[in-house]
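Heads up, the chain below is alone and in the form predicted on its own; it's given as C-alpha cells.
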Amino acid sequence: MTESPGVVDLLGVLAYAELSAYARMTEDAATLAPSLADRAALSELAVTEYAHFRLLRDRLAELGADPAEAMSPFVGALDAWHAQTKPADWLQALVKTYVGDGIALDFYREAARHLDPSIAKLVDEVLVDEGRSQFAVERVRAGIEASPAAAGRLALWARRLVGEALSQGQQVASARPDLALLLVSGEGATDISRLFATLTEAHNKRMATLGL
C-alpha cells in the first residue's frame, strides 16, 4: 500500500459515514416518512449513499487496505453520533440529513483538499449532493410554513446537531493523528480553529436556507 495512513483513514471514515447514512435514511423512510412519495424519495437518496459507500470500499481495496479494518476505528464515534441525535419525527430527520450530515461532509471535503488529485476527485464524487439538500429544504420549509411554531424547536435541534458533530469531529481527529494532519497545513491548532470556524459558517448558511 503506497498511500499514507491518513488517506486510508479518510476513506475509511467516509466509507462508514456513507454506510451509516444509507442505513439511517432507510430506517427514517420506513418509520418517519409521512407519505409514500416521501418514503420513496428518501429511499432513493439512501440507495445513492450506498453506491457512494461501494466506490469508497472498492478504492480502499485497490489501495491494498481491508475496507472493514479501515472503517472500524470510526464505528464507535459515528454510531455514538447517530445514537445521540436520533430524530423524533420527520422534520427532525430532514434537518439532520441537511444540517448534521452537511457539516460532517464539509469536514471530509476539507481534509481531501490536500490529497492526491485522484483521491480528491473520488471524495468530491462521493460528497456530491445528489438532490439531498433540495429534498430536505423544500420539505422543512413547507413544514414550518404549515406550523410556524416548529421553527423554534427545529432551530434548537439543529444547534444540538452541530454541537454533537463538532465534538465527534474533534474526537476523531484527536484519536487519528494521521487524519488530523490532512486538516492542517503546518500551523497546528491555529488551522484546526480556522477549520471549525469555517464549518460553523457553512452551518449558519444552511440554517438560513432552511428558514431557521
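Note that this is a predicted model, so its numbers are computed, not measured. Counting begins at 1, following the sequence as shown.
This protein has a second form, the form predicted together with another copy of the chain, left out of what is shown; the following refers to that one.
Enquirer: Given that another copy of the chain is left out here, which of 175, 155, 61, 47 has a heavy atom within 4.5 Å of it in the predicted bound form?
Expert: Result of the distance check: 47.
Enquirer: Scan 111, 71, 99, 136 and let me know which has any heavy atom within 4.5 Å of another copy of the chain in the predicted bound form.
Expert: Filtering the options by heavy-atom distance leaves 71.
Enquirer: Only one of these stretches, 137-145, 120-128, 71-79, 89-97, has heavy atoms within 4.5 Å of another copy of the chain in the predicted bound form; which one is it?
Expert: Careful reading of the contacts points to 71-79.
Enquirer: Taking another copy of the chain as it sits in the predicted bound form, is residue 149 near enough to touch it, meaning that at least one heavy atom pair lies within 4.5 angstroms?
Expert: Residue 149: no, not in contact with another copy of the chain in the predicted bound form.
Enquirer: In the predicted bound form, does residue 43 have a heavy atom within 4.5 Å of another copy of the chain?
Expert: The answer is yes: residue 43 has a heavy atom within 4.5 Å of another copy of the chain.
Enquirer: Report yes if any heavy atom of residue 168 sits within 4.5 Å of a heavy atom of another copy of the chain in the predicted bound form; otherwise report no.
Expert: Taking the distances in the predicted bound form, the answer for residue 168 is no, it never comes within 4.5 Å of another copy of the chain.
Enquirer: Within a 4.5 Å heavy atom cut-off, is residue 160 in contact with another copy of the chain in the predicted bound form?
Expert: It does not: once another copy of the chain is placed as it appears in the predicted bound form, residue 160 has no heavy atom within 4.5 Å of it.
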